[in-house]
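One chain comes next, on its own, written out as structure tokens in the form predicted on its own.
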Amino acid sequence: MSKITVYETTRFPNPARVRAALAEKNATDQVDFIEIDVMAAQHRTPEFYAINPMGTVPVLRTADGQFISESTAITEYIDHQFEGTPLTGRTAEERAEIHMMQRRAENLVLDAATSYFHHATPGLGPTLEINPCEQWGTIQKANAQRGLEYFDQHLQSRDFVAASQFSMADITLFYGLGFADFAKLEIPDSLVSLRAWRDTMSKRPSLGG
């Protein structure tokens, strides 16, 4: 049987989220990885659009040939495909909370920082950036800063972003903060709880520790 394949771009935050999920499941060696050179616009070729019409990485190809895109959907697949601690929850309540907080981490931090980078900075350059809107990027910068404040408050009395265990919500926030750094949206020193959470998470093997 063919192995699972992941199409990724090294060092990009969404592929890193999938790598972290695989590492948590001790399944990295059960997957083949194919590098997509975004800077060379390999994600905008007819061949790549055929597997993901959105033209984004990562994309997972199952062993039987089905293509799955979107990091959250891929993480769901990984969570159910491989043994190990659940990343998407055990009970109905855990699953709901994890999905809710994962989306908040995306919307308030990762997506906001990404929109700021692509719209209000030079981003990946004029060849790759399509229809940038500086005003929208500036709005999203402010949203990202508010998102950092929200998660600092949220993490004042808890070890994990959702439920009582490490989950895909933690993965999303961790790499959202990483991309915020890349976009030069630093965590203020005053956000002590968020900084402490990040320091703890950075020691986790699946997150590079």
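Everything numeric in this text was worked out from a predicted model, so none of it was measured. Sequential numbering from 1, following the sequence displayed.
Only in words, not in the display: the form predicted together with a small molecule, which the text now covers.
Engineer: Each of 88, 95 and 100 having a non-hydrogen atom within 4.5 Å of the small molecule in the predicted bound form: is that the case here?
Structural biologist: So, no: the whole triplet misses the small molecule.
Engineer: Picking from 161 to 169, 65 to 73, 24 to 32, 138 to 146, which part of the chain touches the small molecule in the predicted bound form when contact means heavy atoms within 4.5 Å?
Structural biologist: Answer to the contact question: 65 to 73.
Engineer: Heavy atoms within 4.5 Å of the small molecule in the predicted bound form: does residue 55 have any?
Structural biologist: Looking in the predicted bound form, residue contacts with the small molecule include residue 55, since a heavy atom lies within 4.5 Å.
Engineer: How about residue 79: is it within 4.5 Å of the small molecule in the predicted bound form, going by heavy atoms?
Structural biologist: Flag for residue 79 set to no.
Engineer: Would you please decide whether residue 133 lies within 4.5 angstroms of the small molecule in the predicted bound form, comparing each non-hydrogen atom pair?
Structural biologist: Looking in the predicted bound form, residue contacts with the small molecule do not include residue 133, since no heavy atom lies within 4.5 Å.
Engineer: Using a 4.5 Å heavy atom cut-off, state whether residue 44 contacts the small molecule in the predicted bound form.
Structural biologist: Although the small molecule is absent here, residue 44 would touch it in the predicted bound form, with heavy atoms inside 4.5 Å.
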